[in-house]
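Take a look at this single chain, the form predicted on its own, given in structure tokens.
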Amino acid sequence: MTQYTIALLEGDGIGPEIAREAVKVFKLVEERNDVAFDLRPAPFGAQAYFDCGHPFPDETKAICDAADAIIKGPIGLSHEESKKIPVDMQPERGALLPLRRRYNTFANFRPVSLPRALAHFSPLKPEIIGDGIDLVMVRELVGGLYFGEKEVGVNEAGLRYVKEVLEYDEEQIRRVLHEALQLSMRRKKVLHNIHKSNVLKSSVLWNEVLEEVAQEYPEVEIRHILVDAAATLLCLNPGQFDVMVMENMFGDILSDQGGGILGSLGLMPSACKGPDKSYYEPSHGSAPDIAGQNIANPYSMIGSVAMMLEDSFGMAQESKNVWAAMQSVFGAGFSTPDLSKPGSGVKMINTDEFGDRVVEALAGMPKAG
């Protein structure tokens, strides 16, 4: 039997609720396969700061260091609660960015998938959605503006100022481009390169490195598109995209727009890949306004489990089964109140019930050979 150790960072807000549904899936996958998961919970995020004095405590670092992979829930509290935490200890700065830096998770993969069973969630017109949307955004995750040098102060004129540096070297660019091109080879062999080279020198270097790296993938068609045009076309014609690659801030913005065309970030899991280990997380926030109400949909958290099964543990068929099980629940006409309104023609169930129905559907699927 193969054994894996998984750090389980439940996070804040609705994090513990949707994490419980992910655990149900892990347990069933164990029963269906010759595998054992050692799930090790650890505090992480805003609540960790209040409980432990730090949003990424040393005990959590030790658990993550020892794990084969990490799954984390959303982090952050309400605006008022967040103001009680020192700026540098707020969960994004004090926990999330250090997590990425610690494990050098340089490549973020966010699938934007809208099969027919989910099409009714999208605000886009049916003629734009067509047969569905199926693309993956690949985002560089540990460089650029978010990780550059930062300075605040008062200048000689007595005016407050801020300076934040956008910095990349060619190796940081090259390695994420390889990931995107390799994914393109496994899919439709088309890569959209998202840039802003008409303004930013960082994009000029990005494109130069892509031209070099692309020579190793002659079968992949490279299509260059400015980031503002890409934002427009994601709404007007998302079906033209398959794999999109971009730097950190562009990826942050466009991947959230990807959630918008699906109808919710609650339908968007993600994987953050490093050279030694990866972590997996929902793309949405912690939704403190609905925490504890058992109405949050666990789709993105369970989808993150599916991505982990394939990418970290090589269980591609069982990953597909988990995706199919989740989508079958929507396909049967069920939804949770956070995604659908009364009168929308769907049958309302709560967080627990959604997870139970996913597990029931998965249990009825053929096991991997």
Ligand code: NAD
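Counting begins at 1, following the sequence as shown. Just so it is clear, the model here is predicted, and its values are computed rather than measured.
In what follows, reference is made to the form predicted in complex with the named molecule, a form of this protein that is not presented.
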property: Selected contact from Asn193, Ser264, Gln172, Ser278, since only one has a non-hydrogen atom within 4.5 angstroms of the named molecule in the predicted bound form; result: Ser264
property: Heavy atom within 4.5 Å of the named molecule in the predicted bound form - residue from Ser184, Asn248, Ser286, Asn108; result: Ser286
property: Segment that reaches the named molecule in the predicted bound form - one of 158-166, 235-243, 292-300, 125-133, heavy atoms within 4.5 Å; result: 292-300
property: Within 4.5 Å of the named molecule in the predicted bound form, all of Val329, Asp352 and Gly355 (non-hydrogen atom); result: no
property: The named molecule contact at Asp338 in the predicted bound form, heavy atom, 4.5 Å; result: yes
property: Touches the named molecule in the predicted bound form: Lys72 (any heavy atom, 4.5 Å); result: yes
property: The named molecule contact in the predicted bound form: Val209, any heavy atom under 4.5 Å; result: no
property: Close approach of Ile85 to the named molecule in the predicted bound form, 4.5 Å, heavy atom; result: no
property: Residues within stretch 91-109 having a non-hydrogen atom within 4.5 Å of the named molecule in the predicted bound form; result: Glu92, Leu96, Arg100
